[in-house]
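Shown next as C-alpha cells: one chain only, the form predicted alone.
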Amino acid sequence: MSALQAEGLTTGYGSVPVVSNVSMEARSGEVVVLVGPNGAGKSTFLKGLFGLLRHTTGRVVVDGRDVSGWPPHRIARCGMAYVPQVSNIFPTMSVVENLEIGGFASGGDVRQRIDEVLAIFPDLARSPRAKAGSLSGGQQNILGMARSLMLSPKVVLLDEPTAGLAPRYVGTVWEQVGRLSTAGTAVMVVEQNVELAMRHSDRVYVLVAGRVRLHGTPEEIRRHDLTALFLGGGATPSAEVGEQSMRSV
C-alpha cells in the first residue's frame, strides 16, 4: 500500500486552479521527485497535499486514511510532514530546541526521539547546541528535514531543499534525503535541477502547466525530450512511460 496517494487533485489560489486533476503516489522507503518548468504548479501541489491550500476536486490519502479537507496540524498528526523552501527553521533557537518544537505535538518526552533523529543526521549531532541561524544553508535545510521526523511521519514533503545552496552542500542534502527513505519514510521532493532529481530518485513525475505529462523511473523519463516537453511540445498530457508505468496517473 502506498504511504501517500493523491487522486485527481485540483488546487490553487482562490478560484483559480494551478494544478488540475493531478494524481501521484509515494510508497514507503522511496524517493519520488516532481520536476517541471517554473510555474508548473509543483510547490502548489505540495501545499495542496498538506492542507495549506484547499482543493476543489480529488482526495489525499495518507497511510490508508483519507485526509482530504483536513487542516495541516491534523494531517501532520496523521503522518505527513512538510518542509517548505523557506522559513523551515527557528534561527534563534538551537538545533535541539528546533527538534523539541518539532516533537511538541506528540505530547510526551521527546528526548529519546531527538537522540534517534540526531543519529540519522550526524552533521547535526556534532553541534546539537549550535544556534540554527549560525548553520550553513545546507545544514539549515537538513535541520528542517530532521525536525519533520520528530513525529515519525510516514511521508515527508520537501519543497526545493537544494535551492540557493552552494554546490558543495547540494550533495550533502541529497545524501540526507536518501537517509530519510532508508529509514522507511516515503519522500516526495520538488526539485528544479532535473538531472539531480533523476540521479537521486526512484520515480519521477513531470508537471507542465499544472498537469502530469509523464511519470516513470528515471531511466524511462530520460528517453524523452524534456526540454521540448517543458516548452510545450513532446508527450501528450498524462502520458506514461515504460512497462512499470502502465497504470493511469
Partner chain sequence: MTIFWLSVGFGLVTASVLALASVGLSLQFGVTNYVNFAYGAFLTLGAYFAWTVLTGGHLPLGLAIVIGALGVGVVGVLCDRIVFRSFTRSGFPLFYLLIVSFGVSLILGNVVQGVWGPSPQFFAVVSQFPLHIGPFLLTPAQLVIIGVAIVSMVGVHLLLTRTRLGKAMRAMSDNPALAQVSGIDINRVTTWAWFISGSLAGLAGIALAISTASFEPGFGENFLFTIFAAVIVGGIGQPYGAMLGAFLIGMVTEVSAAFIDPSYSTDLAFVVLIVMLLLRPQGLIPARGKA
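Owing to the predicted nature of the structure, the values given are computational and were not obtained by experimental measurement. Residue numbers count along the first chain shown, from 1.
Note that the form predicted in complex with its partner chain isn't included here; everything after this is about it.
Taking 4.5 Å between heavy atoms as the contact cutoff, choose which of M93, A163, A125, A166 touches its partner chain in the predicted bound form.
Answer to the contact question: M93.
Look at the stretches 58-66, 44-52, 193-201, 216-224 and give the one with heavy atoms within 4.5 Å of its partner chain in the predicted bound form.
Checking each option against the 4.5 Å cut-off leaves 44-52.
Does any part of E175 reach within 4.5 Å of its partner chain in the predicted bound form? Heavy atoms only, please.
Result no; E175 lies far from its partner chain in the predicted bound form.
Considering non-hydrogen atoms and a 4.5 Å limit, does its partner chain approach G138 in the predicted bound form?
Because no heavy atom of G138 falls inside 4.5 Å of its partner chain in the predicted bound form, the answer is no.
Determine whether any heavy atom of M145 comes within 4.5 Å of a heavy atom of its partner chain in the predicted bound form, and answer yes or no.
Flag for M145 set to no.
Answer with yes or no whether R111 is in contact with its partner chain in the predicted bound form, where contact means some heavy atom within 4.5 Å.
R111: no contact with its partner chain in the predicted bound form.
Heavy atoms within 4.5 Å of its partner chain in the predicted bound form is the criterion; list the residues of 184-206 that meet it.
Read in sequence order, no residue approaches its partner chain (within 4.5 Å, in the predicted bound form).
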